[in-house]
Each structure stands twice: as structure tokens, then as C-alpha cells.
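Next comes just one chain, in C-alpha cells: the form predicted alone.
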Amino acid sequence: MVSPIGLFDSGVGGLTVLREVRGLLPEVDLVYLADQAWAPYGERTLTTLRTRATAIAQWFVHQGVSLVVVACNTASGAALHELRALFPAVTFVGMEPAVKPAAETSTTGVVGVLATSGTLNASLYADVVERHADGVVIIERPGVGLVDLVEAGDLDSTVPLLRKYLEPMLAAGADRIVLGCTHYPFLINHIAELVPADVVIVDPAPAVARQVATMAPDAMGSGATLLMTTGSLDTFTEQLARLGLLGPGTQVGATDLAQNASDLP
């Protein structure tokens, strides 16, 4: 029996990665966990994120999952190395801002990175910039407020914030805009309307999906998709409906994996 592929994020953002994985692996079974009881991850401490990621990885193991996509830049930066050490029998695929392809293809030598503060402050991101952005000017902006609006399904209200974050990048000559949060691809159409036509928006999700497909070339199943939340099932279902993510063969549920989020640091 082929095990399902697991993916998790603090909310619906990682579903942009699931969407790409599903496109490449239509017959594989996918299990997604939105850890909404502990969202947003960007406001959590490093210790909390690692503790939470470990609990989620253990939950996936109990579901028979042997390949887990940490479909969140913040969680990847905080916990990916620890997860690989703690669960050697599980394959973990993480997210990192796509600075390398952006830097390699930029003609102006200026790259904008829109990400959460947690991602921008993580050592994983610093390592990526150090290794792949030599000689390139990186303009970073934390997308404060964007995740909350995506979670609320209020995409149009992100436009003033996007304009505020993108303008310094464009003024500096950026011709590549890296999306450093899995929630942000839901905003690609809005971003495209705010930048010149020759500015390329770089979404790492397709590359991550290709990596998953390479690691699971023989993965088969029924093509089922199970979307789970640690928060309110009704709220989660409404979010999925607003974002157009309730497709055929998709089941939605809730898990009691969550602890009392108010007790977290």
C-alpha cells in the first residue's frame, strides 16, 4: 500500500503548494493539515514552532504518511533540520524563498522578497541569500497583514498593503518579486496589476511540487484529498469555499491535535 503525501501550514496558504502537487501527481492521496489553532506562525517563537512541527510530524506518521511537505516558509526555516533529525524514516520537503532563480535571471540585479518577518529573520533564508545572491541587491519587505486577509478570504483588501510593500522594490529597480510565503500566490493576480509587465513574480510552489514528484515517482492511490484543520471546521470549510478549493473527491475534517493556543508563548 502506497502511503499518502502529507502537507501542512498554519492555515490555507500551503494549499497553493498542494494545488501544484495535485497537478503533477493526480493519482496520489494527499493529506493536508491547516494548523489554524496555532496560526499565524509568524507570531510564534522559534521554540514553539519547533514543538508544534514535531507534534504535526508525529500526527502524520500516525496517518501512515512517509513524505511530508512543510508547506510554510516560516515553519521550514524554524524546524526543517530538527524534523529530519527526529524522524529519519520520513522524507521532509521544505520551502525556501526562491531567491536563487530570481537572482540568476534578474537583468537589473535587483530582487524584491516579500515574506513574513519569521521567514526573513530565519537562518535558512539568510543562508539562501548568502549562497545565491552574491552581487544582487535584495529588497526585503515583511508582508504584515497579508496572511490574515488571505485567511479571511478578503483578497481585494490586500491591494493597499501590497502597493505599500511593492513600491520600494520597484523604485529600487527590482525586476523579480519573490513570494516568500505560501499564502501569497493567492494574491498573484493582484500583484500583477501593481507591477510593470516585465517584472516577473516568482512562486516557489511549482518547483517544490516537482521535487515532491521526483521523490515519489511511483506514488499511486485513489487521488483522494483530505483537508484537516486544528481550528473551527465550519470556518475552514467556508474559507475553502471562498477560495475555490473544494473540488471533487475532497474531504474536509477537524482534528483535536491542537492544544490551548492561548497558553503558547
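Since the model is a prediction, treat every value here as computed from it, not as a measurement. The first residue of the shown sequence is 1; numbering continues from there.
The same protein has a further form, the form predicted in complex with ligand DGL, not shown here; the description that follows concerns it.
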Residues S10, V147 and C181 are flagged as a possible site; in the model of the complex, is every one of them within 4.5 Å of ligand DGL by some non-hydrogen atom?
yes
In contact with ligand DGL in the model of the complex (heavy atoms, 4.5 Å), from 232-240, 65-73, 50-58, 201-209, is stretch 65-73
Find out whether any non-hydrogen atom of G221 is located within 4.5 angstroms of ligand DGL in the model of the complex, and reply yes or no.
no
Is T116 near ligand DGL? Define near as a heavy atom within 4.5 Å, in the model of the complex.
yes
Let me know which residues along 40-69 have a heavy atom within 4.5 Å of ligand DGL in the model of the complex, or say none if there are none.
P40, Y41, G42
